[in-house]
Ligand code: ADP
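Coming up is one lone chain in structure tokens, specifically the form predicted on its own.
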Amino acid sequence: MEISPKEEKTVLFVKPDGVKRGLVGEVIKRVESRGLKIISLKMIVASEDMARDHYPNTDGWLRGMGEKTLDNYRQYGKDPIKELGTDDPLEIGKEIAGWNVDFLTSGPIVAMVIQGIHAVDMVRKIVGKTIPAVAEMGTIRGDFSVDSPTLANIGKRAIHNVVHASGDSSEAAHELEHWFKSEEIHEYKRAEEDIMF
């Protein structure tokens, strides 16, 4: 059965840095102001296993993270071998994956399921690009995050960019099943739905 575009679901986290900075309300406000519905909401402290299994961890995904890091190093004239001990994208990706798990388990996160028209794309637009320096002003990351991959790599830690949003529909499906039980997801109709679409 095909799902209506207005029933599409995605996952959004306020990461430990966003929670500690008191940005949960701001994130919720921006999602709801856009006309999207929050159909599940909870604060959790992720276990190491839950955090690790959140990510795809395939060689292709890890290599992709490593390549992005190498691109960033080239852009800013940094030497990956000096900084990270390797210039192998797969090895760099594995190291970053470990930092991501450490960060996701470093404090409470607020996890949400968002539903609405093209929810995956809409939430990605609201949160902005992963790297704060290239996230547009007006997005959550563009307005509230100043961290950089260069600084994060020097500190051997994940980028503190306030939120996580599913990258595509397959990621959303995995994350929805991974983080939420069916009884935690609630269907309802927002008052303005008949007006908006």
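All figures in this text were calculated on a predicted structure; none of them were measured in a lab. We number the residues from 1 along the sequence you see.
Keep in mind that the form predicted in complex with the named molecule is missing from the display, and what follows is about it.
Trainee: Identify, from the list Ala172, Ala158, Val27, Ala51, the residue with a heavy atom within 4.5 Å of the named molecule in the model of the complex.
Mentor: Filtering the options by heavy-atom distance leaves Ala158.
Trainee: Using heavy atoms and a 4.5 Å limit, would one call Ile109 a contact residue for the named molecule in the model of the complex?
Mentor: Contact check for Ile109: no, nothing within 4.5 Å of the named molecule in the model of the complex.
Trainee: Using 4.5 Å between non-hydrogen atoms, is Thr130 touching the named molecule in the model of the complex?
Mentor: Looking in the model of the complex, residue contacts with the named molecule include Thr130, since a heavy atom lies within 4.5 Å.
Trainee: Does Ile96 make contact with the named molecule in the model of the complex, using a 4.5 Å heavy atom cut-off?
Mentor: Within the cut-off, so yes.
Trainee: Even though the named molecule is not shown here, does Asn100 get within 4.5 Å of it in the model of the complex, heavy atoms only?
Mentor: Contact with the named molecule, yes.
Trainee: Listed by sequence position, which residues of 65-99 have a non-hydrogen atom within 4.5 angstroms of the named molecule in the model of the complex?
Mentor: Residues within 4.5 Å: Met65, Lys68, Thr69, Ile96, Trp99.
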